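Consider the single chain below, provided in structure tokens and representing the form predicted on its own.
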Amino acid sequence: MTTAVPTYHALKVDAQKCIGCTHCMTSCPTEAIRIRNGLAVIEQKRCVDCGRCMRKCPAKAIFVEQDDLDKIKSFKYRVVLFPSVMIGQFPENYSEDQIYAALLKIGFTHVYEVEQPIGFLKESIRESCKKDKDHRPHISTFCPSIVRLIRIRYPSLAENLIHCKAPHDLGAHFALEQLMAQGANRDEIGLFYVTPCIAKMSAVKSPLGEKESIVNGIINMNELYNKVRKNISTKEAPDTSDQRATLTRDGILWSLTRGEARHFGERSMAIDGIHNVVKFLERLENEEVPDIDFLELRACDQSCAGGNLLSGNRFLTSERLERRAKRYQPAIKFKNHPIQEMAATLKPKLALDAIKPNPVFILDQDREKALEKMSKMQRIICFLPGIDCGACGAPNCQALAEDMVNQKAKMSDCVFLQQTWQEENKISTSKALKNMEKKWGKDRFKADCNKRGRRNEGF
């Protein structure tokens, strides 16, 4: 009997900083967060690593676990792989050569933007869609948060996911083939991907549709951006344009909204922002969407330009990338380029195994028990106030009722019911207070003028 390997999640909660304010809980699109003993607790099975909770946390208590940059020192050839969206972070007074030179100064030996040569990935996606005519619309696997969301919440749509890897895999295989062709051994090459979002961290550590990622380490883009800014020179840098020889206009725009959708089918759609995606997938699952060929779904607003590990403004980043893309040729111009000789080697490596559904939004695996729990839930909801205040530690009354039937919460967690029971002398005031302390922590109800927004904040 094999034991399932738990899915890696990069998001963690710092118990010393968390104030149990519920901002994270109410913003989570998968209702993965509860407040227990005054602290936010992330239910790993429901988390899709979209990072909404980290953005909303006023105490900066939610953080990401990441690899140490010193890890690159273990390799002779240290390859930095990054999406073009990283270049869009820098003000335009810095040239591409200056940014590349700063990355080399930090300690990398080779610099690759992952979207080159994007033409191979486009062809692989077209071939994958052509083979599978039964499951339309075809849904892109570019955004790992969306892939995880579909697996756990919309399992009937898992078959619509395209069996193709993401651009960082393309960039990694491309760099690896080039270096090995120059005589480097595989174990001498370290591939480090600079990610604009938390979900891609988890996708590298716990890939779906493949046994393990080709990437050796993952780097927070925000952290690397700050290091590059410290090391960048305003003087003229050596010409590094040969390292971008196969970068195309299509590749630079790939990570922006409609970067993929514009290439696949007359009826293609691009949706960004995870709450927008959730609403659309509900319509799609209920067969309320007209005939669509291709869906590009991204968790962040403005796609990767709005990634949660970026430091720049997402609108400025998009505008810079669009301006930059105009200086490059479209991918179609590379049809007779010598790079095409690598197509036979690279394209098979972009194939992804089928991604199996993993539904967690069900009350029970046993249908009969699930129906019993549903009936019980409906009866419980009759007694709850239905105002979704979150004071019970669950994001809404429906979620509290679900927790109750799964033995994770009690009726006394609802403050309104407790108040009613006190009025009816069914529960003492001291018992009611103890229940509240259990949920929110013992010192929660004491005056504290040093908390955020209070009189002595900052002292």
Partner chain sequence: MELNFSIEGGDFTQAGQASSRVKAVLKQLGVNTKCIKSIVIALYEAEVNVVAHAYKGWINIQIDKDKIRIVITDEGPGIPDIGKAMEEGFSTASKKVREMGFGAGMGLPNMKKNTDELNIETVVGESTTVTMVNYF
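Please read all numbers here as calculations on a predicted model, not as lab measurements. Residue numbers count along the first chain shown, from 1.
Below: the form predicted together with its partner chain, not depicted.
A heavy atom within 4.5 Å of its partner chain in the predicted complex is found for exactly one of K205, H263, R153, H163: R153. Taking a 4.5 Å heavy atom cutoff to its partner chain in the predicted complex, the contact residue among A245, L316, I332, M374 is M374. The candidate spot formed by E288, I362 and R367 lies fully in contact with its partner chain in the predicted complex, as each residue has a heavy atom within 4.5 Å of it. Of the stretches 166-174, 210-218, 138-146, 374-382, only 374-382 has residues with a heavy atom within 4.5 Å of its partner chain in the predicted complex. In the predicted complex, D413 stays away from its partner chain, with no heavy atom inside 4.5 Å.
The closest non-hydrogen atom of Q398 lies within 4.5 Å of its partner chain in the predicted complex. Its partner chain is not drawn, but in the predicted complex it has a heavy atom within 4.5 Å of E282. At least one heavy atom of E402 is located within 4.5 Å of its partner chain in the predicted complex.
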